[in-house]
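Just the one chain here, laid out as C-alpha cells, in the form predicted alone.
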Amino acid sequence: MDDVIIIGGSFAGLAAALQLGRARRKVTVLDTGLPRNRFAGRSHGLLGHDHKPPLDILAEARQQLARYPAITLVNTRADSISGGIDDFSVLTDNGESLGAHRLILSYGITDQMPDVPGFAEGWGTSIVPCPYCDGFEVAGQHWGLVWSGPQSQNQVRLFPDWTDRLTVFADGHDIPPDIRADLARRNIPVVDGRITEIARHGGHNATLKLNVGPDVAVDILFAHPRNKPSANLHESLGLATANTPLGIVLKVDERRETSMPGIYAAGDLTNPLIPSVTTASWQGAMAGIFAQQSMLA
C-alpha cells in the first residue's frame, strides 16, 4: 500500500510528489499526460523557468523525481475511488487496484471551448486568458477582450499596465449602462454583436468576424471560457465544491484537505482566482507536506 496516491501529474501533482519523496514516503502519481497548459508555447512567470515550454518543464521535473526511489510515476487514468482514510482504493483504467493511506487530487480542469470556428485552434497562442502569463510579450499592442460577465471589468482595470489599446467585444452580453460609461471614460471601444469566427494571421493576431458590422483585428485576444474539472472523481466522492464565475472548484481548508478526511487537493482544481504554474506548484507542495504530516504517529 502507498502512503499517498496522487491523481494528476502536472505541476501541482509533481510538486506534491517531490515533497513526499523527499520525506521518503511511498507515493504513486497517476497521470494522463494532458496538462491544461499543453496548448501554450511558453510558460511565463515561473522563477527559474521563465519563457520555457511547459511540457519541457514537466519533462525535466519528472527526470528529477527519478532520483527518489519512493516515487512511482504511472501513465494511466484513475477511474474510481472507494474506501476512506488509511484505506483508500483507486481503480485505474487498466483494471489495476491501488491502495493508499491518503489521496491528493490534482487532476486540474478543462477549458470548454465555445462553438466558434477558430477559437479552439487559436487557444494558447492568439487567444489567451491571463495577462500575467502572456501580457509582457504583447505589451503595447492592440488587445481584445471577450466580455464574459462582471469579472471582465476587473480585467479592464488590469490591462493598462500592459497596453493602452484595448477593444471589448460584448459577444451578446448585456453590458450595463454604468459599465459602458466607465469603458467610455477609459476610451475603450465596445463592439456589439456575437463573434461568429476567429481567424489567425500570424503568431499573435486574431481577426474577429461578427454577426453584425465589419471584421475587427487585434494583436492578441483575451478570453475566459468556462471550465470544468477534467475528471469527475470528486462527484462520486461527494466532495464539497464552490461555484465560481467560470466553473466549479473543490473546497479545501487551510491544510489543503477536502471535505473528506484524508483527501487533499491542489492546483487549478481548487483555484478560482488566478490559476498559474507558480500557484499550482505551491499548492501541490503544501498538499504533499500536509498529507505527510497527517500520517505522523
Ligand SMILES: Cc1cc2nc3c(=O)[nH]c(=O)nc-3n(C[C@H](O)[C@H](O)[C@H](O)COP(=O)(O)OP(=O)(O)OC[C@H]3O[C@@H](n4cnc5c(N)ncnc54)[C@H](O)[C@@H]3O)c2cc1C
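A quick note: this is a predicted structure, and the numbers were derived from the prediction, not measured. Numbering starts at 1 and follows the sequence shown.
Only in words, not in the display: the form predicted together with the named molecule, which the text now covers.
Per the 4.5 Å heavy atom criterion, the named molecule in the predicted complex is contacted by stretch 23-31, the sole one of 65-73, 235-243, 23-31, 250-258. When the named molecule is considered in the predicted complex, His173 lies well away from it, no heavy atom lying within 4.5 Å. The closest non-hydrogen atom of Ile188 lies beyond 4.5 Å of the named molecule in the predicted complex. In the predicted complex, the named molecule stays beyond 4.5 Å of every heavy atom belonging to Trp162.
In the predicted complex, the named molecule lies farther than 4.5 Å from every heavy atom of Gln19.
Against the named molecule in the predicted complex, the set Ser89, His101 and Gly288 makes no contact: no member has a heavy atom within 4.5 Å.
With contact defined as any non-hydrogen atom lying within 4.5 angstroms of the named molecule in the predicted complex, the contacting residues in 64-91 are Thr76, Arg77, Ala78, given in sequence order.
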